[in-house]
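Quick heads-up: it's one chain on its own, the form predicted alone, in structure tokens.
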Amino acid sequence: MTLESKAKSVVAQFDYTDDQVNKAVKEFLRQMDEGLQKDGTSLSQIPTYVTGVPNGTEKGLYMAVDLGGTNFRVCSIQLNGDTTFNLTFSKVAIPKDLMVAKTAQELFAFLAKQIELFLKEHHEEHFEQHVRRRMTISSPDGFRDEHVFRLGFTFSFPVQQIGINKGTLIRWTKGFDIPDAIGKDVCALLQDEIDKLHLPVKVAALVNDTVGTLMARSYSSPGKTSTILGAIFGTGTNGAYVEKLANLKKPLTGEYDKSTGEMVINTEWGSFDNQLNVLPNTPWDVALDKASVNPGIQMYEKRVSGMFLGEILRLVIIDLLKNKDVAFFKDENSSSNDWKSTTNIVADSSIYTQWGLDTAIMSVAAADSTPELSTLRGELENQLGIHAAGLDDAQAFKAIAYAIGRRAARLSAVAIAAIVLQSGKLTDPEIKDEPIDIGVDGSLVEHYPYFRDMIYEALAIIDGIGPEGAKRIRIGIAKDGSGVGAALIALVAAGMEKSMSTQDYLGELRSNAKTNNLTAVPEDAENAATD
């Protein structure tokens, strides 16, 4: 069998047909509904307690912090009220000993200290006012409301969220291991350490970065209609969308604002269709899953996200290299190579190592339109140690890489289409002809050539959307969900806060007085509270 015919055979196995796309959309909608009804489903459909999205007119100064791995980022964001903002940030590495500290207090004290240092450096005048200002008893937290920074806390570890600013840690990942923190409210842990430093900061919201992407896009996107979906298509993939509260049937603990009739839902769609009812499953998908750290789960993500696409391609290449009947990256002699050399793969090439092929080379392959594919062939040598790859080798590599990327884009369209259809926006007469706005972030949608074009191509063939509907779907880049997005969630949370009534507050004071063996609430406290 010639290399060309074998490559075509492989490409055909990655074809995800129009019919398959439509079946997958229907299954996605079914699993979305299932996740809204109960827990323990493929699509987790996690309520975020965020019950509104911004429209770009919001103003104010907010803070955000992001503990997403080995670094901790502190930001302040000035929202200008005209869809623009100004961002200031600092970033510091987490000391390795604190990643495995004996107590949670050690880590969170370090985080609070970084917030203090940031305030002193970037908001010194504001900070000094707080230091000098006399504590007032007219508000429960001891600070006048307008002087307290509301902070959005992006915490990229598995948590059970039970309120807009409440969530208990399920487990650590990414090299952290502090058993003392398991089961504790991470917002409360941070707030306790902030309070010890007497900082004018309230942890107002616990933030998922995908939800942040939705918020950031909704603030900055032009037009009358708000963004309905924030999605990540990068190393991983996930989506958060605006759902009608009436559709959310599973029980919710904690308080939330019911007045909007909506809530942002974190789908955790990486685990869509773990059962493989509609997802494609080539031999290379099977091999990748079997060798992964989490076989049988995150099956959608393993076919869509940048972390896995390069590995799928690598597994295909290894199979072709093992096939003695196919001359792939090997020449009988220099006459069969258009560069009049012989192809050679170095013994320690990363092509032989799991995860050894970076998805970035697929972008190079897609972008290379030179007659001899010289750019791609150069990268095959630089990245993979494949010397003097022939034109036919590069063409086969490019074709297979394109097929894997196109399948990922069409699968991405499945999720986007399902959310659009679920929203009912395409058929809403009140917003006829208005764009349906989608915010996206991640390396695939930003840097993979034609990825968004391939998404649109698939959207146009989906029942209920079609070519005209696809034209209304506006997919735009939304950056910095963990910064700007987190600050915007803090803004929404601040709007949701219900000020304590005087009697509620005095009741709490009396309760505290009894706890501390005091006989009465001081008169000046009661007077101050009723001023």
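Throughout, rigid core stands for the largest set of C-alpha atoms superposing within 1.5 Å between the two forms. Residue indices: 1-based, along the sequence shown. Predicted model, so just to flag it, every value in this text is computed and none were measured.
The next section is about a form of this same protein that is not shown, the form predicted in complex with beta-D-glucopyranose.
Legend entry - Listed range touching beta-D-glucopyranose, judged in the model of the complex by heavy atoms within 4.5 Å, from 78-86, 154-162, 340-348, 103-111: Stretch 154-162 is the one.
Inset, instruction - With beta-D-glucopyranose left out of view, choose which of Q191, Q298, S218, T359 has a non-hydrogen atom within 4.5 angstroms of it in the model of the complex. - result: Looking at Q191, Q298, S218, T359 one by one, just Q298 meets the 4.5 Å heavy-atom criterion.
Inset, instruction - Name the single residue among A365, I232, V74, V242 that comes within 4.5 Å of beta-D-glucopyranose in the model of the complex, judging by heavy atoms. - result: Only one option qualifies, and that one is I232.
Inset, instruction - Could you confirm whether P200 comes within 4.5 Å of beta-D-glucopyranose in the model of the complex, counting heavy atoms only? - result: Flag for P200 set to no.
Legend entry - in the model of the complex, K258 touching beta-D-glucopyranose (heavy atom, 4.5 Å): Close contact is absent here: in the model of the complex, K258 is far from beta-D-glucopyranose, nothing within 4.5 Å, heavy atoms only.
Inset, instruction - Check whether S412 has any heavy atom within 4.5 Å of a heavy atom of beta-D-glucopyranose in the model of the complex, and answer yes or no. - result: Answer no; every heavy atom of S412 is more than 4.5 Å from beta-D-glucopyranose in the model of the complex.
Inset, instruction - Answer for E268 alone: is it within 4.5 Å of beta-D-glucopyranose in the model of the complex, judged on heavy atom distances? - result: E268 belongs to the contact set for beta-D-glucopyranose.
Legend entry - Residues of stretch 343-358 in contact with beta-D-glucopyranose in the model of the complex (4.5 Å, non-hydrogen atom): Heavy-atom contacts to beta-D-glucopyranose in the model of the complex: nothing from 343-358.
Inset, instruction - Determine, after fitting the two forms on their core, whether V159 shows a C-alpha shift of 2 Å or more between the shown form and the other one. - result: It does, since the V159 C-alpha is displaced 2 Å or more between the shown form and the other one after the core fit.
Legend entry - Is_shifted T70 between the shown form and the other one (CA, 2 Å cut-off, rigid core): Yes, T70 moves 2 Å or more.
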